[in-house]
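Below sits a lone chain in structure tokens, taken as the form predicted alone.
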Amino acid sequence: MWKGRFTESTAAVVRDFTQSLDLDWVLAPWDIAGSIAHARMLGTIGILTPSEVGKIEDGLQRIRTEISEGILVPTLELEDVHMNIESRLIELLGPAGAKLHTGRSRNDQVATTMRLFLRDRLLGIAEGMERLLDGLLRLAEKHRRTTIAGYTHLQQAQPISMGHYWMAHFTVFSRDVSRLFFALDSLNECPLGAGALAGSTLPLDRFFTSSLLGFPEPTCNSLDTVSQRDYMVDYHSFAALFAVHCSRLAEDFVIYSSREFGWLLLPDAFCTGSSMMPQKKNPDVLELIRGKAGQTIGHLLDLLITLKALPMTYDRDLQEDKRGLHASLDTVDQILAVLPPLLSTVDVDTKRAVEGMEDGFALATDVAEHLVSKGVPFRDAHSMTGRLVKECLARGKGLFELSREEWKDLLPEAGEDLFPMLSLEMAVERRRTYGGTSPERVSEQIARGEALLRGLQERRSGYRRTVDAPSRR
């Protein structure tokens, strides 16, 4: 369709090298949607007659059916999904089909198709994120009063509520959702009508086309329209950080479910065994989530490196943007398919969770802060409590094993009112600062999380209504 000025046919090796059907045939439904909108717009400005518009729309709907039923098989000679669909339309309609590409380039056609496709996929991912967040809220409520050890440097630090732990991950993933909607917003302009790079001499009504496709407005600069892939970078940025956060959660689960820790109980249905060692219960799903995070980060870097030195405007390098995009989208979908149901069946061995803190050293900060309440400067209180721990280690005792006489001997500044505080549950209960780990504060976090989730659901539903409504016209 573009060979008019050429004197030789394209070499077979060039055809095979430049084709993109392995990347873009899956985009057919969105390409057809864009073409229908373009045809309707051409009808409103008088380029096409009402009869021609009707024939083109019927022809495209027929092609959509042929593709979905596997009747229409694409050919490499036509390079990509766009040319295969247009060729079939011309085959069906003759001259009327040949008029469809009026005022349009593959540059703005591809950009439109990709935005339509990605918008649908991101709305699907948003639903998956909602399921993930809802699962974390349920776990937080279930374990609001479950005490576990909190860690820094992977060393026991202070006792915390397991509900607080779940809400930490909820907070992390809620930021990811914000980045997901930022990516949705960044693609929410219609490229159709930008042409190859400079617009058109024809009176194209870009606002009409945008409205038909559920975009609030067209892109504002034709050069930028066909050359930029920032919206894809925004998606990949979301995906990479989301995968990192999933990987960190998976790492926690791998560690806490090991025999050495043993207080996080993984469901058998999400683990595998060993072909040699009968006793093994391997967290393969979690390990694969960790592994897939690296691939997702790589797709972000792949696109950034492709974009970093491209001259204005369109360059064929951009054809390769789809390879990493499809792979990343599939990976995110896979993670969101497996992680929420895994979370729904995770449990905690509450007895085992506190066994590691039976020496009481996790309450050292509580002791120091008790001294502060008695007027001791914190640095002095820190040093005094550190010497107390050192002496306990020398005697082979934990804080819980010291007698009242030993406490008075080793830390005479501590009052009798310290002893009721020397429990793991009380240590959690007393941490009532805003955002803290007390069950009271965790309940507040859950309430805020539920409100946030409702807001996300409403935002996604509103987005979907805007996207779907034009297609019913």
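The numbering used is simple: start at 1 and walk along the sequence shown. Being a predicted model, the structure only gives us computed values, none of them experimental.
Separately, the form predicted together with a small molecule exists; it is not shown, and the next lines address it.
- When you look in the predicted complex, the only residue of R106, H370, R119, H382 with a non-hydrogen atom within 4.5 Å of the small molecule is R106.
- When the small molecule is considered in the predicted complex, only one residue from R88, K322, R179, H169 comes within 4.5 Å through any heavy atom, namely K322.
- With the partner omitted here, the stretch from 253-261, 399-407, 69-77, 309-317 that lies within 4.5 Å of the small molecule by heavy atoms in the predicted complex is 309-317.
- Although the partner is absent from this view, L139 stays clear of the small molecule in the predicted complex, with no non-hydrogen atom inside 4.5 angstroms.
- Taking non-hydrogen atoms only, V110 approaches the small molecule to within 4.5 angstroms in the predicted complex.
- Looking at H299, you'd find every heavy atom of it more than 4.5 angstroms from the small molecule in the predicted complex.
- When contacts are judged by a 4.5 Å heavy atom cut-off, H143 does not count as touching the small molecule in the predicted complex.
- Contact check at 4.5 Å (heavy atoms) against the small molecule in the predicted complex: all three of S20, D24 and H82 pass.
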